[in-house]
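The chain below stands alone and is given in C-alpha cells; this is the form predicted on its own.
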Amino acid sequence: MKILLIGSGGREHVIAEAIARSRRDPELYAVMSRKNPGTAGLCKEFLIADESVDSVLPYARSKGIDVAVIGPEAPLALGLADALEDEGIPCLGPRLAPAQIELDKAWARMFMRRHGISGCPAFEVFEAGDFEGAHAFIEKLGDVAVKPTGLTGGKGVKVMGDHFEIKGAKEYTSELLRTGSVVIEENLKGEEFTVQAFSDGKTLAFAPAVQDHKRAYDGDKGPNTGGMGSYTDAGNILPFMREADYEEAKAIMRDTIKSIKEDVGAYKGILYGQFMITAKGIKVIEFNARFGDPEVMNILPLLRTDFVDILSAVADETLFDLNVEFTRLATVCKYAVPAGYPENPVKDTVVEIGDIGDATFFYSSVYEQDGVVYTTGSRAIAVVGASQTIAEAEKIASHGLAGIHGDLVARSDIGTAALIDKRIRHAAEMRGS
C-alpha cells in the first residue's frame, strides 16, 4: 500500500512512525512545507512544497497513492480531503463540510445548539460590525471567552481573568468584529481533558484521555502556546477524572458524528474533543478535525493495532469490525522550544540529539539543511517517556530532555506529582467534593 502523509510537524513525525511500524510494509510518501528530518527518514520519497491541492494532488497521482493522511488543519480548510477523495484516494481527514466542526467556531456552536448536543456552553454569535450587541452580551454573561470564528493556531481565544477584564474583552471583541464574526461564550471554569478518536463516519474508536498544558512557563504561567506538553495515565482516564467523565465525553462525540452525517455527510478522520469538568458537569471547549499536537504523541506510540489496518477500516467504513487497542502505559510528553518562545523566540539555531535514554523524540518545527537541524522559532522537539506510572514516565521524559542540546527551554513541571495533585484538588472543588 502506498500512503501519502501531508504535513511537516511533530504530529506528522509520530504518524509516520506509526505507519512505519505496520506489518503490512507500506510505502510512505510525504508532502511537507519544510524538511522534517524525522518524517523524511521514514519515507520512500517526499516532496517539499506547500500543502495545497495544487501541490498535493499531482504528486499523489504521479505516485499512485492508495490512501492519504492529512495531519494539520490548514490543508483541510483548503478542501484537500475533498480533492483527494474525488480523485478516488480515501483520506484520514474529513471533507471540508464536516471539518467545519473545527474550521468555523460559529458553525460548531450553532450545530451543537441545533442538535441539542450535550455540553454546549451559553454562547451567541455576532457578525462583523455588531459592536453594540456583542458588548451587551458580554455585560449579560459577565465572565466570557472571546473566540474568532476561524483558525487561529490555538492562540486566538482569549478569556477574562487570564487576558483581560470586561473592558479588555469589549476592546478585543471590537477588534475582531472590524473584520469578521466572533463567538462570545461563558468562560468555562474547571479542569480540562482531551479525547481523540478515529472515525469512519459511523463508528468511533477512542484513545485514552490526555491533558495538554498550553501555558509557556512552569506553574501554568505565561502566554498561551500550541502546547508545551501533555500526559496520559496507564488506562483510559486521568487521575482527576472519573470513568463517567470519559464515558460522557465519548457519548458527546458519538452524537456529534451522528449529527454531522445527518447535516453534511460522513465524518472520516480524527475527531478531537476538548472537554472541561465544571461545577455544572462536562462541557465542550471545542472540537478539532485532526490529532492534537502534542496529544497525539502520547497516544500513537501506545497504539497496538496496526495503523494501516485502521486506515483501511476508515476508508471502507468497517471500523466497527476492528478492535483498536492501546498499551496500558502512562506517558509524559515535554516540548523543547527555542529560548524566548512564544513571544520573542530565537530562530535558526542548531539542535543536536544526544543521549536521551529510554525516551523517544519527535521533530516538530525544525528544518534540515546539509545534515544539520535548525529551529524555526516555534516548538522544536517533543520528548516522550512511557512507563507503568506517570511519575516514572516523567523521569524518562526529563532525562530525554537533558539529551537535547541547543538554545532551548522546556517546562519542568508537566507530569510531576505536585502539578497532578493540584489538578486532582481542582477537579474535586469543581464537583463540590
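Note that residue numbering begins at 1 and tracks the sequence as displayed. These figures come from a predicted structure and were not determined experimentally.
The discussion below concerns the form predicted together with adenosine monophosphate (AMP), not included here.
- For the chain shown alone, residue 145 is a contact residue for adenosine monophosphate (AMP) in the predicted complex, at least one non-hydrogen atom being within 4.5 angstroms.
- Using a 4.5 angstroms limit between non-hydrogen atoms, residue 181 is distant from adenosine monophosphate (AMP) in the predicted complex.
- Among heavy atoms of residue 120, none comes within 4.5 Å of adenosine monophosphate (AMP) in the predicted complex.
- Though the partner is left out of this view, residue 349 does not reach within 4.5 Å of adenosine monophosphate (AMP) in the predicted complex, counting heavy atoms only.
- Residues with any non-hydrogen atom within 4.5 angstroms of adenosine monophosphate (AMP) in the predicted complex fall in just one of 199 to 207, 128 to 136, 260 to 268, 281 to 289: 281 to 289.
- For the marked spot (159, 186 and 214), a heavy atom within 4.5 Å of adenosine monophosphate (AMP) in the predicted complex is present in each of the three residues.
- Interface residue among 100, 149, 274, 173, judged by heavy atoms within 4.5 Å of adenosine monophosphate (AMP) in the predicted complex: 274.
- Checking 192, 255, 309, 247 for any heavy atom within 4.5 Å of adenosine monophosphate (AMP) in the predicted complex turns up a single hit: 192.
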